[in-house]
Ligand SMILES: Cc1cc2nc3c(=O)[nH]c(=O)nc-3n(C[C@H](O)[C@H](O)[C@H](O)COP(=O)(O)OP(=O)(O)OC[C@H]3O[C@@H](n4cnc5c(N)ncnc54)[C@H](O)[C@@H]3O)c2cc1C
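Single chain ahead, by itself, as structure tokens, in the form predicted alone.
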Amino acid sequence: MTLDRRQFLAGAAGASATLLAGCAAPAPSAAPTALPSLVTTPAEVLMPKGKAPRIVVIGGGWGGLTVAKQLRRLAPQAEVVMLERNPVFFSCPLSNKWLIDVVDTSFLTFDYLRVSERHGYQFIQTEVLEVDRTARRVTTAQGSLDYDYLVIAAGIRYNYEAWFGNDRRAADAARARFPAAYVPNAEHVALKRALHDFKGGDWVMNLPPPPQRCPPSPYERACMVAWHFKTNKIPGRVTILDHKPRIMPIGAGFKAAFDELYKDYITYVPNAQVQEVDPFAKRIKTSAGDMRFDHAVLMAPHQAADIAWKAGAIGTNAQGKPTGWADIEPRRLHLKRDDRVYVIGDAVGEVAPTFRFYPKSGHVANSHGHIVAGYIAQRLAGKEPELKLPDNLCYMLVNGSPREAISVQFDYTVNAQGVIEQQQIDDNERRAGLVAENFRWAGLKFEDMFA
């Protein structure tokens, strides 16, 4: 509706009257209203502790869901409580395919409450505020609860401080306007809308420095965006600003896809460390040059989720500075200074001097969930845990028609010195068979977490 001058002046007069009324002496405050019994505050006890041992799981991703379900199976005498701020599960793995409608939303989403009722653990949708490891207490927006064991499966945070310092306005602008979409699920909706509304121009994607969530995924996303441009004849070009000196992992497979399928749509720039980002002017400055963009997927460096910091779980380097990742025993997956607190999935810190970090993937988080559920169940039974190692397998779609994928596998062993070693196997030959394998893998993982 367009306002005319008379309407505008009338509205202004009303606003002035309201402002003047606001300058009058305030009315006496009313007596505080008693809250309904189910409206709780962080200061209250959310769940009184019973006699059964209680395991609290923070985070309902691939790791948190797995550990909660497996604990109910392996330690039925224990009370298991999963805390998650989102009302439904949305899978980051496979979400790049969702961007171009290879899978629909129902394929990636599951109902937390229904799943928890099926498997007998308690699901509480709430924001976790604090962890007091001395008191073994978790404080949420709805109240506090005590634990015997705690599992932090909260994923990552974006380290916007590396770009913007304490400029929250710039950080919020980058997150809202150019989301990285590596934290589910509103960011994914915003990214998909931006992609399908894009009419042409420069689409920029920067890759964060390692370690990062799902290292091959940004390359897959670039392929999906380029395929969308190519298929729909959108005059756009994707520029990949890679912090690393070359494409990795699955370097040969992605390079072939860039050169053979998208040579007119993808420009790959290595050694492009981000130096400055301006989300308002749409500019990014890197060690490989500066760019203006029409749209961007701005991926700030990754760190362990906020709650890992609040729990005092973050390690320090030789200079005494925070590493950004949980300081865990590499094979036992509990904190080095607190064996009642386990960390699984993306937040896990360095585990070996050579490859350093496990891949921060859904597959590894799911594997960690199985391992830690077994560890806690054995400890509750008075046994020494049988140590195990995860594995990893990732499939990346590089062509939408015909649908073709590549893959990477990681296997882990322990050498004679007790150090974890990694073997990486890249499958660079894009083919339809790997797409079928990817969907079989997804079906098995979803069944493992939800069925």
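Residue indices: 1-based, along the sequence shown. Being a predicted model, the structure only gives us computed values, none of them experimental.
Beyond what is shown, the protein has a form predicted in complex with the ligand; the following relates to that form.
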I need to confirm a contact call. Of Phe254, Trp227, Tyr182, Phe178, which residue comes within 4.5 Å of the ligand in the model of the complex, counting heavy atoms only?
Tyr182
The unique member of Ser367, Ser116, Gln303, Ser361 whose heavy atoms fall within 4.5 Å of the ligand in the model of the complex:
Ser361
Has each of Arg85, Asn96 and Arg221 got a heavy atom lying within 4.5 angstroms of the ligand in the model of the complex?
yes
Contact with the ligand in the model of the complex for Cys214, defined as at least one heavy atom pair within 4.5 Å: yes or no?
yes
So in the model of the complex, is the ligand close enough to Trp441 to count as touching (4.5 Å, heavy atoms)?
yes
Using a 4.5 angstroms cut-off on non-hydrogen atoms, would Val398 count as touching the ligand in the model of the complex?
no
Within 4.5 Å, heavy atoms only: does Gly60 come near the ligand in the model of the complex?
yes
For the chain seen here without its partner, which of 330-338, 86-94, 165-173, 263-271 has a heavy atom within 4.5 Å of the ligand in the model of the complex?
86-94
Sequence-ordered residues of 125-163 touching the ligand in the model of the complex, heavy atom within 4.5 Å
Thr126, Glu127, Val128, Ala153, Ala154, Gly155
